[in-house]
Ligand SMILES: NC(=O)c1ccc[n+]([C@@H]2O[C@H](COP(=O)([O-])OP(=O)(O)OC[C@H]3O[C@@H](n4cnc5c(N)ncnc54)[C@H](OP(=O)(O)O)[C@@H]3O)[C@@H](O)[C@H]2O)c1
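In structure tokens, the next block holds one chain alone, the form predicted on its own.
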Amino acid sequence: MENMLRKYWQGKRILITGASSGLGWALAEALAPFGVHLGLMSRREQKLQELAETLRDTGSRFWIRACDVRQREAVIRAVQDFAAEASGLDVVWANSGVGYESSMRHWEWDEIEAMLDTNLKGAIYTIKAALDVMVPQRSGTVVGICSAASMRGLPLHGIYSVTKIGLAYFMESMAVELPSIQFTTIHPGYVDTPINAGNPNRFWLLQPPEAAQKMIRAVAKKKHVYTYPWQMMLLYRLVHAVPAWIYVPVMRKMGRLALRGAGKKKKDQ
């Protein structure tokens, strides 16, 4: 396994959005030992500097850019600048994401639009800018961090689910259109990151370093879609296969129970 990982990742030019915390931070830690050129993007430049400092002895190189993925032109410039410095781009991780409740009892347009602009539009801005570099190269890997929440329409979090399934469908469409590029869509279950820290019902919870190792292995194996942990993968497939006439009434009951006990759960990755 180590040889397979080293063969795939050694010396790669990799750009990660949302690298200042959570999965993005853990991915940088997992990839740095392979002597890569890491482009780290986030709104919080100081945190990126701290991350690069902790990894300075790994032999990897680091490029840092404070960037809000909701700003299309800023994203395009950032991707182009990293590719210019690194003389190309091998892998992009569209990782930035935010999450808020979006039930009818709690509907805040600022939060709704933040999810749409960050999770879906921001990811598309990032991927399109990366593809503008990769397609002329006729090589490259695009990794989209989606979510197990995309399995069905979920009560309380419909907009979050929409952004993640929208990204998954976009990734699949691009994979059909561009056979020279590797596309890997990842649906994480619960990982102990800020985006779900307020949720008291995190089952099969993983720590970020373990999650990062699973993801870099899945990409190295060139998987098209990867859901983890394995229990969440089975649940994802089961729930996705349930017919609507069963799913809707069952989830209505679960949604009512959740509404009784849930406060506003803010998630921010």
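Quick caveat, the model's predicted, so the values are computed rather than measured. Quick note: we count residues from 1 along the sequence shown, nothing fancier.
What comes next is about the form predicted together with this ligand, which does not appear here.
Trainee: Would R13, S60 and D81 all count as contacting this ligand in the predicted bound form, using a 4.5 Å heavy atom cut-off?
Mentor: Checked in the predicted bound form: no contact with this ligand for any of the three.
Trainee: Looking at G88, G158, P194, G166 here, can you tell me which has any non-hydrogen atom within 4.5 angstroms of this ligand in the predicted bound form?
Mentor: Flagged contact: P194.
Trainee: Can you work out which of V143, I124, V98, M134 has a heavy atom no more than 4.5 Å from this ligand in the predicted bound form?
Mentor: Looking at V143, I124, V98, M134 one by one, just V98 meets the 4.5 Å heavy-atom criterion.
Trainee: Check whether T227 has any heavy atom within 4.5 Å of a heavy atom of this ligand in the predicted bound form, and answer yes or no.
Mentor: So T227 does not count as contacting this ligand.
Trainee: Against this ligand in the predicted bound form, would S147 count as a contact residue? Criterion: heavy atoms within 4.5 Å.
Mentor: Yes, S147 sits close enough to this ligand in the predicted bound form that at least one of its heavy atoms falls within 4.5 Å.
Trainee: Should R217 be classed as touching this ligand in the predicted bound form when contacts are defined as heavy atoms within 4.5 Å?
Mentor: It does not: once this ligand is placed as it appears in the predicted bound form, R217 has no heavy atom within 4.5 Å of it.
Trainee: Would V69 count as touching this ligand in the predicted bound form under a 4.5 Å heavy atom rule?
Mentor: Looking in the predicted bound form, residue contacts with this ligand include V69, since a heavy atom lies within 4.5 Å.
Trainee: Want to guess which of 105-113, 176-184, 88-96, 134-142 is within 4.5 Å of this ligand in the predicted bound form, heavy atoms only?
Mentor: In short, 88-96.
Trainee: Using a 4.5 Å cut-off on any heavy atom, which residues of 7-29 would contact this ligand in the predicted bound form?
Mentor: Result: G18, A19, S20, S21, G22, L23, G24.
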